[in-house]
Structures are given as C-alpha cells and as structure tokens.
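Below, in structure tokens: the form predicted on its own, a single chain.
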C-alpha cells in the first residue's frame, strides 16, 4: 500500500501530463520523463500477443524533444486539440525506486471546425521513477484498444 502523500504526487503527475498535452504545452511533455526512458504506443492486439512492434517508439527524452520540434516546425497536419479523460490509477511498488501504474484513458479530439470525436482509448502502463525529488516516467507504454489508428497521430497521447 502506497503512502497517501506519494499517491497524491503520482496522481498529480498523471493529471499534469494530460493537462500539458491538452493545453498545447508540448514543450513541457518531455520533462515528464527521465533522460533514459521509453515511450511506446502499441495496439491491444499486439500487446496481448507479445509482439514488440509498436506504432511509435522513443527511447530517450531527446527523442521526445525531437518529436515536439518536428510537430512545431516540420510536420503538416490539420490543427486540432485533445481532451484527456483519465480513470483513477492503480499503483504498486515495482522495486528499484519505481512504482508501476495503470491508468485507463480516453482522448477526445476537436478539429479546428469544431468536430469532436473519440480519437483514442486504452490504458497507460507506466513505470514511474520515485527515487528523486521529482517523479518521472521511466516507461510509458500506451496500449490502444483499437488497431484502427488515424494517420493524424501527431500530438502525444
């Protein structure tokens, strides 16, 4: 059982992460991760089959920063925003100064013309480093419920 103060810090990390993306503060997004980290998006089908192939894979904070830079300067996509809806998270001690977490999510996408749609649903499977003064994601595995992925997967989930 986690101490209430640690649980609150973990919940705040989840909330702050979603709000940074939803508020278009993408430059803050890499700061939620350790320098050496994993950010991976896979489908439920591949995850259950143990297939390592993902839709997106980054293995350092530098790669995450490069992704944001590309979004801001090189990628061309129709402007849109996200609104994350998060479930209550479940956490457990993972050893080695980390906590394992699971949080279900839905992401509603709003296009520039106002059209809204359920863009993604799934679960975050996290390993969170709690050894330092700031909590950081060591790994964020995003398992999507559907294998139908919009080509507009630009903004981080």
Partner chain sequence: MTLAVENAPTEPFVWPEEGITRIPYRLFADPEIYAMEQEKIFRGPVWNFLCMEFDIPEPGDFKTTFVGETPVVATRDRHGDVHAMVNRCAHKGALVCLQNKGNAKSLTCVYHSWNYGLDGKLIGLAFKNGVGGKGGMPDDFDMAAHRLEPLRTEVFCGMVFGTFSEATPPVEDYLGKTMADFVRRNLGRKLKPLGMQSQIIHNNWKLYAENLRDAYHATLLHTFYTTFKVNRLDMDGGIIIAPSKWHHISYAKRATFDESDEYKKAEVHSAKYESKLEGPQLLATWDEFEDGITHSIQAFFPNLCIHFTLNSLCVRHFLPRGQDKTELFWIYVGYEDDTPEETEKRVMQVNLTGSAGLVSMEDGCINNFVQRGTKGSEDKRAFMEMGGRDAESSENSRATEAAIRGFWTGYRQIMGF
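Numbering follows the first chain given and starts at 1. The model shown is predicted, which means the values in this text are computed figures rather than measured ones.
If you look for the form predicted together with the partner chain, you will not find it shown, but the lines that follow are about it.
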property: Exercise: residue 150 in contact with the partner chain in the predicted complex, heavy atom 4.5 Å; result: yes
property: Contact test in the predicted complex: residue 43 vs the partner chain, heavy atoms, 4.5 Å; result: yes
property: Contact flag, residue 87 vs the partner chain in the predicted complex, heavy atom cut 4.5 Å; result: no
property: Residue 54 within 4.5 Å of the partner chain in the predicted complex, heavy atoms; result: yes
property: Contact check for 70, 73 and 154 against the partner chain in the predicted complex, heavy atom at 4.5 Å; result: yes
property: Residues within 4.5 Å of the partner chain in the predicted complex, restricted to 78-106 and counted by heavy atom; result: 78
